[in-house]
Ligand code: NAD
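One chain is shown next in structure tokens, namely the form predicted on its own.
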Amino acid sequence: MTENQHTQQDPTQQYPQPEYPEQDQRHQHPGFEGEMQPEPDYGYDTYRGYGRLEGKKAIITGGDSGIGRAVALAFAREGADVLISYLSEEEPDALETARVVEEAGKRAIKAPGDISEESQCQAVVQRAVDEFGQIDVLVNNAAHQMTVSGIADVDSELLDRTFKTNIYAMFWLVKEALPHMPEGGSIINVASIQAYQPSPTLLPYSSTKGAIVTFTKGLAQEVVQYGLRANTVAPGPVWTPIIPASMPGDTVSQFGGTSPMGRPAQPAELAPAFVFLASQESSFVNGETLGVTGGQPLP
């Protein structure tokens, strides 16, 4: 829980609203948090843990920045050791995430590599098993996104990259992790409002997010026999490095402005949903999608 959740206030005014400065990191995809204006709030000054994940061991893909960094910080402050998976190019952001996890008194294991390759997914799980002995929480958060002008602009390379990172990797990671997850474990997959309200300019990305919702509903029915649960978080617009790394600057400056909140979410606002689904507080929640959309309706 974050400190600002203890203070009643208008959520539309809680964080900066567009228009943001124009910024474009498409030349250095997947982008860096420290170069964003304003810098995302991942909860460093506000998130307070209550021991809800004490002793747990977690894997978080895309754990270097954005939602992944906010979740890593929250998990650590709730008592969990964390392995973060990320692309090698994202090392500067990963170092900062590892620093704040360790500052919370928990172990931070860095596992750079590209999870669009099955061998890297296997290596991530094996590293966690070697370091922790088990996996209590698997957060499949990493994603590839790039805007297109329309379907004619979607080539096979983009399709392969998007589907392998966003949905193939989930199959591979879950398959590898299941034998190492004790009863009470939790799998949390990250979908999107795009699964329900897809934008033509994000067609490859939104297609994978729809697949993630379906994958999770089916997976939940299988893993419950092992004493595990699988759920999905579906964010609305969130201010993370994937935005300036995948969209033109004029679009970035207005990002999230059309949402009911009039602004995008900050990563810190997503983290409590993951803590809830990872903890025993959600013990009867399985196969569900938790929308954190700022008011954009999920069907």
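One rule holds for the numbers: they count along the sequence shown, beginning at 1. Here the structure is a predicted model, which is why all the values come from computation and not from measurement.
Keep in mind that the form predicted together with this ligand is not shown, yet the notes after this line are about it.
Check: Do residue 161 and this ligand share at least one heavy atom pair within 4.5 Å in the predicted complex?
Finding: Yes, residue 161 lies within 4.5 Å of this ligand in the predicted complex.
Note to self: Using a 4.5 angstroms cut-off on non-hydrogen atoms, would residue 44 count as touching this ligand in the predicted complex?
What the structure shows: Flag for residue 44 set to no.
Checklist line | 4.5 Å heavy atom contact, residue 191 and this ligand in the predicted complex | finding: Heavy-atom contact with this ligand at 4.5 Å: present for residue 191.
Check: If you check in the predicted complex, is residue 114 within 4.5 Å of this ligand, heavy atoms only?
Finding: Taking the distances in the predicted complex, the answer for residue 114 is yes, it comes within 4.5 Å of this ligand.
Margin query: Given the stretches 216-224, 127-135, 141-149, 71-79, which is the single one in contact with this ligand in the predicted complex, using a heavy atom cutoff of 4.5 Å?
Written below: Only one stretch qualifies here: 141-149.
Item checked: Residue among 238, 273, 261, 268 with a heavy atom within 4.5 Å of this ligand in the predicted complex -> Of 238, 273, 261, 268, the residue with a heavy atom within 4.5 Å of this ligand in the predicted complex is 238.
Next item on the list: Could you list which residues of 30-68 come within 4.5 Å of this ligand in the predicted complex, counting heavy atoms only?
Entry: Sequence-ordered list: 30, 62, 64, 65, 66, 67, 68.
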